[in-house]
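Okay, here we've got a single chain as structure tokens, the form predicted alone, with questions on binding and movement later.
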């Protein structure tokens, strides 16, 4: 049986490398045009060439988002971009527009076409429709329940991709128009201003009920449904977050990688360890949303009660093997004597006590308390660039 794919988001070249090193089987990225995350850094052609090369050297596939709805006048640019992606050697594009699908087929590109979650695909009829248009895979809408995913799998031979983790739209898979209405920033052009994260005053019969009415959803987290999705025969498990931090990506990708491998190796005893590790990513509170079936406002909507974690100390930039020192760009303060943890690519989390700190001027110091300054940290383990140090919580 072919092992299920873990698909991770990359908003820039550094994040792509984090995804690859921490265990993704495939990554999805956006170019400077035709991508629904305008707020992400996104990839220039040169970045994309380097990213594809790096990913392919590690046996990882690259999918490119091409999921906006084009306007008149985009025809020439669309053809040029489709051919450019083919030249670069990407493995798939994620599309919403039938026009883009037809142009890709007419141009004879070699990569796969995957229908986007923007199409809110939640039935086998829709999956089979996209297959007839030439899509090798359908990305399901987040509104599909586990039972619906199972029925879809039984009624179609097309690969299906399911979101398992990350932010969710307050509307139906990205069809919200609030951003365009309030700020003239079109969510379907990649420029969503996230008005669902704003606070609203709620009135009933002209009487104010509250000043803290929220629309934004908690983040999706489906650790205890991964085995079900594997057994159903889902092809790919997708993490949301092209605009998320490297710390977030490292923790989430590494944890789902371990969970998937442990499921195939029959090593899973329970889900608490995986949930605790994901909690280290320091994001909003979580919901299982629709995958478990019916959900409601209390289960979905987040509150401002979340306190941001400050456990992320930084990503390793360099390592001096002779001196047993690693170079760290500090993100949060820590001191000599603190117990901190090393998050590595392949190994379990290891802890150690900070015994020596050297600042940018070469001075021994007791505290790394200047965010974004670099410090040399004595460490008892051999480490690599892109590994992470964090405080224990």
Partner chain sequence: MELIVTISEINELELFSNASSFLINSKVYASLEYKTANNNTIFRLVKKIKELNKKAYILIDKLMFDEEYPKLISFINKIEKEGVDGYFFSDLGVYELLDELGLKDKAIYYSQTQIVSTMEGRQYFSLGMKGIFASRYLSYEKVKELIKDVNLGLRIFGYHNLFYSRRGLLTAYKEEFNLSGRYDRTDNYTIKEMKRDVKNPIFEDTNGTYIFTDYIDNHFSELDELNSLGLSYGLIDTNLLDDSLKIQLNDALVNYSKEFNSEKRIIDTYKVAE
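Positions refer to the first chain, counted from 1. Since we're looking at a predicted model, the values are computed, not measured.
Another form, the form predicted in complex with the partner chain, is not on view; read the next lines as being about it.
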> in the model of the complex, which of the listed residues (234, 78, 278, 268) lies with a heavy atom within 4.5 Å of the partner chain?
Replying inline: 78
> So which of 222, 311, 158, 122 reaches within 4.5 angstroms of the partner chain in the model of the complex, heavy atom to heavy atom?
Replying inline: 122
> Where, among 87-95, 242-250, 165-173, 226-234, do residues come within 4.5 Å of the partner chain in the model of the complex by heavy atom distance?
Replying inline: 165-173
> Heavy atoms within 4.5 Å of the partner chain in the model of the complex: does residue 70 have any?
Replying inline: yes
> For residue 322, is any heavy atom within 4.5 Å of the partner chain in the model of the complex, or not?
Replying inline: no
>> Under a 4.5 Å heavy atom criterion, is residue 152 part of the interface with the partner chain in the model of the complex?
In response: yes
> Hey, in the model of the complex, does residue 217 get a heavy atom within 4.5 angstroms of the partner chain?
Replying inline: yes
> Would the partner chain be touched by all three of 209, 213 and 299 in the model of the complex, meaning a heavy atom each within 4.5 Å?
Replying inline: yes
> Who in 129-149 is close to the partner chain in the model of the complex, meaning a heavy atom within 4.5 Å?
Replying inline: 129, 130, 132, 133, 143, 144, 145, 148
